[in-house]
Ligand SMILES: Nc1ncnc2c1ncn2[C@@H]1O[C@H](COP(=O)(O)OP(=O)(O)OP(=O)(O)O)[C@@H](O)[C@H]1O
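Single chain ahead, written as structure tokens, the form predicted alone.
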């Protein structure tokens, strides 16, 4: 039975630069159940590096995705991310939550490189039951302009936000239910999207650091077209194929190196700022780029750590017909974020 006052289903809406993805989860049973998924392509350059260039085209794609997922209502859960979102674990004097709320703006001024008048703040106490003199708090700051931009996209599509999450937390929601063993130690969850790769570092299951690098499947495809003299469709087929082609080797080496360096820099920053003796013990990839044949192996060889493709469907109950007309192996890696969003129950 669903919690009193909460909706039985949640619609997670992931508006990417190349695809719009929708996941619908039913929360009325003991375990969440995925009841519908839809993936709709977005015309090239409608969104570039997170910025909406053509609101009409984006709104149309969102409406098409919702229709394909049989969504009738207007409320969705979506998320913001990128350089205008800061996630930081801090230590403060142990106080009650209400006092912490009052202290948080002052703490944010010490840790967040934004004008405090232009941001929305939130926080979570990570060790509420401890009795030490200090407590660990996860501080989150997002530029108000970023949130307002996302809300405009929803309004254009005739939607209302049930909740606006943060990409890193939504990814974590789906990751945790499917990979409970990864909630120990330091691991990286790397979401390789169309324009941007999000690098999320988790410490004992808590997202404590997020970094974005401007490398995604678009760059891989463009490199293939230029270096191999092939069409965009042919390049895309190579990137989404099941077998590694020799044509991919140079591209995987160069762009894979950029992703590897991004992971190394995120891990180095974490080590220098908090736990110098700790290292990333495993890397999990998701997003469209996670399917590129040979990329996981190249990252593992370069970083000398286990790298595997994360599947958000591994431990999730899935209703018959939820992925109708979709090939599960082809879309699974795309669904970590929308499923993570749909895992949230909203009032």
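Residue numbers count along the first chain shown, from 1. Only a predicted model underlies this, so the values are computations on that prediction, with no experimental measurement involved.
Keep in mind that the form predicted in complex with this ligand is not shown, yet the notes after this line are about it.
Although the partner is absent from this view, residue 196 contacts this ligand in the predicted bound form, with a non-hydrogen atom inside 4.5 angstroms. Within 4.5 Å of any heavy atom of this ligand in the predicted bound form lies no heavy atom of residue 210. Within this chain, residue 25 is remote from the site of this ligand in the predicted bound form, having no heavy atom within 4.5 Å. This ligand in the predicted bound form is not approached by residue 170, whose heavy atoms all lie more than 4.5 angstroms from it.
Exactly one listed residue, out of 240, 228, 118, 245, brings a non-hydrogen atom to within 4.5 Å of this ligand in the predicted bound form: 240. Note that among 30 to 38, 280 to 288, 63 to 71, 310 to 318, the stretch whose heavy atoms approach this ligand to within 4.5 Å in the predicted bound form is 280 to 288. Contact residues in stretch 202 to 234 (any heavy atom within 4.5 Å of this ligand, taken in the predicted bound form) are limited to 217.
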